[in-house]
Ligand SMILES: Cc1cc2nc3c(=O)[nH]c(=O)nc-3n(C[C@H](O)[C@H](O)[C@H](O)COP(=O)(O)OP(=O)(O)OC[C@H]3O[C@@H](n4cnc5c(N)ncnc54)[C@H](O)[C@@H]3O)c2cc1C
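In structure tokens, the next block holds one chain alone, the form predicted alone.
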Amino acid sequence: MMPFIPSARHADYETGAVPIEHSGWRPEQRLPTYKVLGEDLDTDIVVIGAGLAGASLSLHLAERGVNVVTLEARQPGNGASGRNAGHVQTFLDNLEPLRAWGDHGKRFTEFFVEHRNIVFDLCARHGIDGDAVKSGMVEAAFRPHEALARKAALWKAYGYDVEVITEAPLRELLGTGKYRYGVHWREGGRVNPYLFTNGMIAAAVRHGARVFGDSPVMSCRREGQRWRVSTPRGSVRAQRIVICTNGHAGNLFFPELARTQYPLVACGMASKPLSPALLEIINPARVAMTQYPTGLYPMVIDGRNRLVTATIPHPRRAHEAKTYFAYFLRYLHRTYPRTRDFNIELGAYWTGITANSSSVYHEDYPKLYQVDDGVLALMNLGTWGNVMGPQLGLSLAQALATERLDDCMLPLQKPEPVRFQRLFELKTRHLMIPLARVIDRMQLA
């Protein structure tokens, strides 16, 4: 077989701008595309961005009879929503940042818990073929961690089906005896985020939303009590604008939003389909899996029988697909020694940019910004987009439809530029991940 050779420019890998065609989540057959906006329209709300949050918002607004137009610079799922690791994580790692909120995060937490199955619910309700499987998750560790036990107890108190497990049940679930401690979340699982996002957009259209692709927004300007959102070939007049852009980097409208987050490049990999013999060895329970505490090599086996994983690339070396796949294979062979007898090949490699609201891991809660009168921005989903994006779309749609923004699960804030915008990348990419690789290789965690 031909070896995998990255075909995009090196700079595009570094900026997360490789074409979405490189993402392993794209199906073998191309999805329908949405036409370019080529006229002047009127609507109640214009949604800018058709990722996980924008797609959900468009769908839930349309379901409530709100006249909505959605504009996407390329095609739905082109950004982080079509490039992430595919985990459906129905819990959060750190609730401490919520203490600073007016209600100490009570509304947020209650909504999050109530709608933790939103990915599976939306797929079932709208007939979305998103390869969404409620397989559960396992956080696996080489030794006991009190923090894991506390986290399991916290979410168990919220009604979650979760338990701390040790070596024997871990071996049964994962197919390896390398781990001696972990948490089994029977909540959550996996999803193809690209198909899921596109499925929500298709459902929004069926409910009356008007969606346009390859229609980048050039400007937003006020016209009396309304706004005009202009693209290269058309425009939309609306009472409200909701911006759902990942990171907002490079956009000409409200460019100050690009300074509200900490960007980080990540890379994703999908193997070629595994043989039946390998599928019996690796993760026989098909849970979504991650290592604790390093978080290296989050892994799912998707509906095409491929291993899908992600990591953070070396500085200025994001194009080196073979390097990161070799790291993953080293981990895989160490964890599942029998896999050394098989040829596991790289099938797809891609990069993308996460937009984090905090320079501290797991404190990067999304933000709802009041940008101007009638202009909101729902941004900075960070690492929890597959669940949080659809939840936020639902919550904000409810608040907009009832004109009660205070009911949204996120507090409304004014956008503020962050200091030292590259700090998160410096800490993570230059220090934490290299150290985590050493710790993982020596099994010191």
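Here the structure is a predicted model, which is why all the values come from computation and not from measurement. The first residue of the sequence shown is number 1, and the count goes up from there.
As for the form predicted in complex with this ligand, it is not shown, yet the points below apply to it.
*Asks:* May I ask you to state whether Glu139 is within 4.5 Å of this ligand in the model of the complex, using heavy atom distances?
*Replies:* No, Glu139 sits far enough from this ligand in the model of the complex that none of its heavy atoms falls within 4.5 Å.
*Asks:* Consider Ile48 of the chain shown here, and say whether it contacts this ligand in the model of the complex, taking contact as heavy atoms within 4.5 Å.
*Replies:* Residue-level check for Ile48: yes, a contact with this ligand.
*Asks:* Test of understanding: in the model of the complex, would Gly79 fall inside 4.5 Å of this ligand by heavy atoms?
*Replies:* Result yes; Gly79 sits at the interface with this ligand in the model of the complex.
*Asks:* In the model of the complex, does Trp384 come within 4.5 Å of this ligand, counting heavy atoms only?
*Replies:* Heavy-atom contact with this ligand at 4.5 Å: present for Trp384.
*Asks:* Find the only residue in Gln261, Asn192, Ser271, Thr354 having a heavy atom within 4.5 Å of this ligand in the model of the complex.
*Replies:* Checked against the cut-off, the match is Thr354.
*Asks:* Just give me the single entry in Gly188, Gly182, Gly86, Gly130 that has a non-hydrogen atom within 4.5 angstroms of this ligand in the model of the complex.
*Replies:* By the 4.5 Å heavy-atom cutoff, the listed residue in contact is Gly86.
*Asks:* Given a 4.5 Å cut-off on heavy atoms, tell me which of 324-332, 121-129, 208-216, 341-349 is the interface stretch with this ligand in the model of the complex.
*Replies:* In short, 208-216.
*Asks:* Are there residues in 98-131 with a heavy atom within 4.5 Å of this ligand in the model of the complex, and which are they, in order?
*Replies:* None of them.
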